[in-house]
Structure formats: C-alpha cells, structure tokens
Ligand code: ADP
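The form predicted alone is given below as one chain in structure tokens.
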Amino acid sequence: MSNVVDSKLRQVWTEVLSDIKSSIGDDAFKTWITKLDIISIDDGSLKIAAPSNFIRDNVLARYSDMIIKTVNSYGCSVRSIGIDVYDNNNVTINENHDNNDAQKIKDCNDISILDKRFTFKNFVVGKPNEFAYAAALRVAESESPSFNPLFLYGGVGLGKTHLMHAIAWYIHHNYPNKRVIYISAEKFMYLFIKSLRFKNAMSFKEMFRAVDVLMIDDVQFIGGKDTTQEEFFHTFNELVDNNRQIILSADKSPSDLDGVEDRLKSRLGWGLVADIHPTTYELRLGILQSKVKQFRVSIPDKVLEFLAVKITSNIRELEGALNRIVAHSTLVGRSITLDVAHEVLKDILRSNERLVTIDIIQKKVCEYYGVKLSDLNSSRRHKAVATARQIAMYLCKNLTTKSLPEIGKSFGGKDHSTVIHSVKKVKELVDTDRTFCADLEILTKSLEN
C-alpha cells in the first residue's frame, strides 16, 4: 500500500512504534503492530492501515487506547482511531473507532461483540452452576492452562455462553497481551470452508493456531462435519502441544456428542468437563432479584416468586418474561401485580401448560419449600414438612380429579381422613395467615391451566 505521508508525521509514527514495542514486547508487537501503517491525523482522528480484518479488529480491541496515548505524548491531539483494511494496494474496508468502543472484542472477519452484561460479576451462582462457575473463573485467572480443555455443557439458556463471555472479558482486562479468539462452531466451520474454497487454508491455520486462548461455543455443531472435525482435531492438538488454552461449550458432554469421532471425543474430555444443571427455584429467584436491581423498578416479591415457580425451562425465557412485565408496566403505566403478570404472560404460561398430576404438584411444592419428596411422603411432623404436605394435599384435591383415598395413597399410604384434615387446615390458614395465603396463591397460579 502506498501513501504520501508528511515526513514529520512519519517520524512521529516511527517513534510511536518503538515505544509500543518496548511496552508490549517483541512477540505481541510482531503479531499485531508491525504491519500497521499511518495514513493521516485529521481533526483529532488518527487514521492507520492494517493488512487484514483480523489484525484490525484485534488492534482496535487491545491496543487502541495505548496507541492514542503514545501518539499524544508526541504533541499530537488524537481522540479516536480509524483503521482501513487494504488488499492488493487497495483500501477495501473502513471502520471508525473511538474510546467508547475500546471494550469491543471481535472475532475474525465477522464483527462479533461480547455482551458487556455477561461478566463473572453479573453471573448468579447457585448449586446447579457453582462448579462450572468455579472452573471458568479458575481458567480465566490462570496465566497458563490449568485445565485443558475446559469443556462446559448444559441445556439451552442455562448460562454456558454467559460464562464463555465472562472468561473472555476477564482475560481481556487482566491479560491484555493474550491473543484470544472467541467464535461459534458454526462460524469456525464457515471460515474453514471459505478458506478451502479460496485456497487460503494456510492463513486459516495460522489464524487459529497462533492464539493463546481459543474459545469455541456450541461445538456440537461440528457433529457429522468430517472435514471440519479433521481440521479442528489438528488445531486442538497443536494448541495443547504448545500449552495454549482451549475452552469449549456444548449442549451435551463430550462422550454424548452425536456425529463426533471417537478420537476427538477423547480429546474433548482430556481436561475438565463441567456441566450446568437445570435451575432450581432458589437460583431462578436469585436471578430475577439480581435482574430487578438492574432495572431499578419495584416488583412485588410474590410476582418474582410466581415467575420462579412457573417458568422453569431456562434462564433466557425467565429473563424474557421479566423484561416483558417491566416493559408493559413502563409503557402502559400499570403497577406490577400478580394478576398483571398472569395477564401479560398468558401466552408463555399457556405454552408451558401441561396436565396437572399429583407427581407434578408434589415436585413443585417440594421445590418451593425446600423439602425432600421422601419427607413429604413420610410421617414426619416437622413444621416445614407438615405445611408442605398439607398444601400439596390441598392442591391435589383442587387441581386433579383424584379421589381422597388415591391422594392419600400417593403420600406414603396416608388415610383419606389425613387428606380431609389437611384441606381443612389449609382453608383455616388462608383466612388467618397472609404469608401462607400468598404462598398458596403463587403455587396455585403456577399449576393451574
């Protein structure tokens, strides 16, 4: 690429490059900075050129602030950076960048910005995900691979991608000189196929095998893609052999991935495999409470408890339901109540409807009160267990067509008179205990069609 640049500006750029090299070291300088060239400084904007999208994106994400600060130390007044990407001596892409964009991390060729909300600080930890969280944090904090690979797996919407983004953000802030690629398996496959089509496979290999941390999300998508698996297999081996960290996520454990070769399954399980279990009531409620703090709105506890009981499929749907309620309240100007929540979410609730059975009621009640099913069906008279048992029997009578003897039999062989007593006790408490009444209302709404 040829540019006519003022000789004084060229001299400043030469000094800037020397200072940056001293700050970041030879390896990082050679990888990211040495091929940059200055074009101009105009109206507070520094324009430079880069030979590829990949280098442009990583320079913007990692070194923009350093470049601005260093240039200004030589008497310039630069506030932002614009990087042109050139190919065969022609500028093909132009992208402006300012200080507000410094937090953006992008993957190769396509712009992919990490979600700023997905940090360790914003991840709500509970029993279902505490092991995966601890493993992710350990890997992020380690200067060299501690578990290689780290393999996170779990169902849709349980927090895998949140943890992947959190790791990338942590490394970005604490180890800025590390070369990190975060990419989906589908994007990895697309770029590989594209490199073959344009006979540029060597550049693809260099891109992915020169990183310090390779993060691939939803790796199950390479199942059945033999050529892509072959390339990933060799990339995996190259990185591990060179003590580079690999972090992967999928919806299943390595051994259960469909269409994945046995030799690759074996390698995926080499390091640490951490699963994220379905959420519990306590975790769902904690997530909602954390989300409410971000919204800075007032939502009654019983509404949050209702959502935590009713929407159990995944965190994404749970947060979406809360977002809808808040949006409705803001736009329409209605206070958020249990009835409003039920009205606004009727389509979501309807999609989750199913035939109410004694088993379902027992499971919901046990989860809500934090008791074991074995306790519910026992003769224990501890207050918490007794209360849960009475409410469960009451709900079974009102929400199912089962007879009193059938209900009693389902609770460890209790007599029908025990069911009658429980129903009577619940009715009495509804009239005298507001907290008890609220609990019953939440459970009933979560179960009724």
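Numbering starts at 1 and runs along the sequence shown. Predicted, not measured: the structure shown is a model, and the values here were computed from it.
Only in words, not in the display: the form predicted in complex with the ligand, which the text now covers.
Student: Pick from 264-272, 205-213, 309-317, 73-81: which stretch has non-hydrogen atoms within 4.5 Å of the ligand in the model of the complex?
Tutor: Answer to the contact question: 309-317.
Student: Can all three of Ile20, Phe29 and Arg56 be found with a heavy atom no more than 4.5 Å from the ligand in the model of the complex?
Tutor: Result no, not one residue of the spot touches the ligand.
Student: Gln245 near the ligand in the model of the complex, any heavy atom under 4.5 Å?
Tutor: Outside the cut-off, so no.
Student: Is Phe123 a contact residue for the ligand in the model of the complex, using a 4.5 Å heavy atom cut-off?
Tutor: Heavy-atom contact with the ligand at 4.5 Å: present for Phe123.
Student: Heavy atoms within 4.5 Å of the ligand in the model of the complex: does Leu158 have any?
Tutor: Yes, Leu158 sits close enough to the ligand in the model of the complex that at least one of its heavy atoms falls within 4.5 Å.
Student: Does Phe118 reach the ligand in the model of the complex if we count a contact as any heavy atom within 4.5 Å?
Tutor: Yes, contact at 4.5 Å.
Student: Considering non-hydrogen atoms and a 4.5 Å limit, which listed residue (Leu338, Val180, Ile299, Ile287) is close to the ligand in the model of the complex?
Tutor: None of the other options qualify; the answer is Ile287.
Student: His172, Lys187, Lys291, His328: which sits within 4.5 Å of the ligand in the model of the complex by any heavy atom?
Tutor: Flagged contact: Lys291.
Student: Does any residue in 328-349 get within 4.5 Å of the ligand in the model of the complex, counting heavy atoms only, and if so which ones?
Tutor: Counting only heavy atoms within 4.5 Å of the ligand in the model of the complex, no residue of 328-349 makes contact.
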